[in-house]
Ligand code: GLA
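One chain follows as structure tokens, the form predicted on its own.
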Amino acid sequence: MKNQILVAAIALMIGSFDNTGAIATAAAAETVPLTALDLKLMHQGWGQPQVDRSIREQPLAIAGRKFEHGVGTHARSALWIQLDGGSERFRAHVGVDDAAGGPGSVVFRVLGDGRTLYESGLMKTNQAAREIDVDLRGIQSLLLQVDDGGDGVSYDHANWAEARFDVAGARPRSIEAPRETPYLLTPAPAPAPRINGPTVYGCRPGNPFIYRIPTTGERPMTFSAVGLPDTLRLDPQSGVVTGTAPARGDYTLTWQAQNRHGKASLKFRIRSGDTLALTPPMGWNHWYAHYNNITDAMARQAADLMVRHGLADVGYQYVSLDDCWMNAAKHADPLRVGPARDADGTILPNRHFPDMRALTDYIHSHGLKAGIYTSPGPTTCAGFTGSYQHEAQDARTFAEWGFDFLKYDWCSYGRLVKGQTGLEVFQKPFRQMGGILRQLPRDVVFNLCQYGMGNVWEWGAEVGGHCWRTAGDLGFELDRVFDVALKNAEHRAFSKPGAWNDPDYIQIGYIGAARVGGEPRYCPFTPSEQYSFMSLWCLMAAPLFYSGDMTRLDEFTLNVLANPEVIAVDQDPLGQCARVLPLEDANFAMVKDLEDGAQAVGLFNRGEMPATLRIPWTMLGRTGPQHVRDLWRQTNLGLIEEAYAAHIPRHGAALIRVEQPRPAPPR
């Protein structure tokens, strides 16, 4: 008996040592399934995480093998888990669910305390499940991540099958993604004048002309111009140019600005001809902040704040009304209910807009432009009066009221053509309105809002459009900004002066919830994600319309929105949308050629951990040392050999300008 006890004791002692000779921890006290955690905190690219089911709510199955328990999710997916050192191991079987219905491709990762503990490699539909067994001893926080396979997220239905933790101490719990303290990259404007904005401007001969010279610096400031056409006049105190667009042709001039700190000048070209929006339009649109609550007073206030907060000084021009300025047949707000039109058929604003001409006059008095919205259907998306069978009359009314921009939203028109097919169906209402706008005695930039149907980027310019939405409302996809941008960039061949792919509005700062409206609340983005958002839109040469609450602009939001060097990338006259270059771990670069021969380069970290990203000059078609400038920090980084590298936060970006070093001046 004593010998048996001794043998058992020796066996226990042997078993208590792992293969490194260290004493192993006692057996885990319990098993905690992944499904026991709060999966509402799992962020994913489509749908909601499912318990013991696939994302399509089918039994979990990978390459024919069925699993009773686990979590079905969809790339790109991330769940942060606090372990506090209490978990021993994480075990699971992973793969693409059989019900995906197409060629899914994903990569599973387990990261602990910032280190990669497991990576599956690329996994595709019908590929056998891979078994995970990860040592978690001593790990404080864990990230379960599913990336797409580098080919988009279609059919990327991912299963964490039979996923569970061996727990000896504190139980694992889901947590929110790490929070970031706001940080400021853009330096404050210098007190001396700096003239910003585009260097080229399009107009149509003989039409009213208004342009505010965007200039930062201490006021008061005086403005002058060399070479200004005789049909235009410049207010020397405000820097606002008004008058009548000159005869057809190109006019090269120089803006000049001066205050007590110094002088600035900028060469500028007015192109009077057939093409408007030679650079992407910039401004503010009320929709994602105020929805159906918009009023005349709020639009006027937005114009005031665009000037007061300096947005007008870096190029923002338009104050645009979206839906709900008209009357509706029924509405919760009685001041928005009334007749659609008067006896002559003229569309009637609701009682929140007592005088549309007075409103545009007020906006124009700031040197800004005014935008308006309607639909080719009988009603707008929100159920207000549309322009169906009154297209020419409404366009003339908008011009007489003084509007300079028209957003034309498909909405109820779809019901009129239900069952009809063919490209002409998509084009017809926009071709009709585009032709009408070209004949108006006013320059009206035409925004086609039809959500990318019929590959609108291929024909939007042909029907008279200047910019066109390439997808659905971004407000419903704010967790997919990187994906939306990459999809929009696929249409880069159709981006050019006067023709812009529009991935929707900038939604940072205080915005409403797209699905329910309501009062604005702070956006869901981290500071790094907001810098990425703006970097992406500028590299894509996208229209820059801020759609947040102008009354709640804070220092950080302005820091993102109002960097003139970043905006200059968007406003570059070449009009190119950046090309995408894949980097490691689903990260990517965007490279945009600029008119002067330089390139703007963005590096984007899509991962859930900080990462060092590197791009060699050979990927840009460059050789030898290059001069590099950090555009967000407005800092010269000097000559850099061979490659640029930056340590970038989770979901963050670096944005640089790269150019050949200038030759030294002769002695």
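Start at 1 with the first residue shown and count on from there. Just so it is clear, the model here is predicted, and its values are computed rather than measured.
FYI, the form predicted together with the named molecule isn't displayed, but the following is about it.
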* Asked: Does the named molecule come within 4.5 Å of a heavy atom in each of R194, L234 and D313 in the predicted complex?
  -> no
* Partner-proximal stretch of 81-89, 403-411, 334-342, 562-570 relative to the named molecule in the predicted complex, 4.5 angstroms, heavy atom -> 403-411
* Note which of R469, H290, K592, H74 lies within 4.5 Å of the named molecule in the predicted complex, where distance is taken over heavy atoms; exactly one does. => R469
* Structure fact -> Checked C449, C577, V153, A299 for heavy atoms within 4.5 Å of the named molecule in the predicted complex; positive is C449
* Give a yes or no for F588: in the predicted complex, does one of its heavy atoms lie within 4.5 Å of a heavy atom belonging to the named molecule? => no
* How about D135: is it within 4.5 Å of the named molecule in the predicted complex, going by heavy atoms? -> no
* Using the partner position in the predicted complex, report whether D322 sits within 4.5 Å of the named molecule, counting heavy atoms only. => yes
* To do: Although the named molecule is absent from this view, report whether Y531 comes within 4.5 Å of it in the predicted complex, heavy atoms only.
  => no
* Structure fact -> Those residues of 478-509 with a non-hydrogen atom no more than 4.5 Å from the named molecule in the predicted complex are Y505
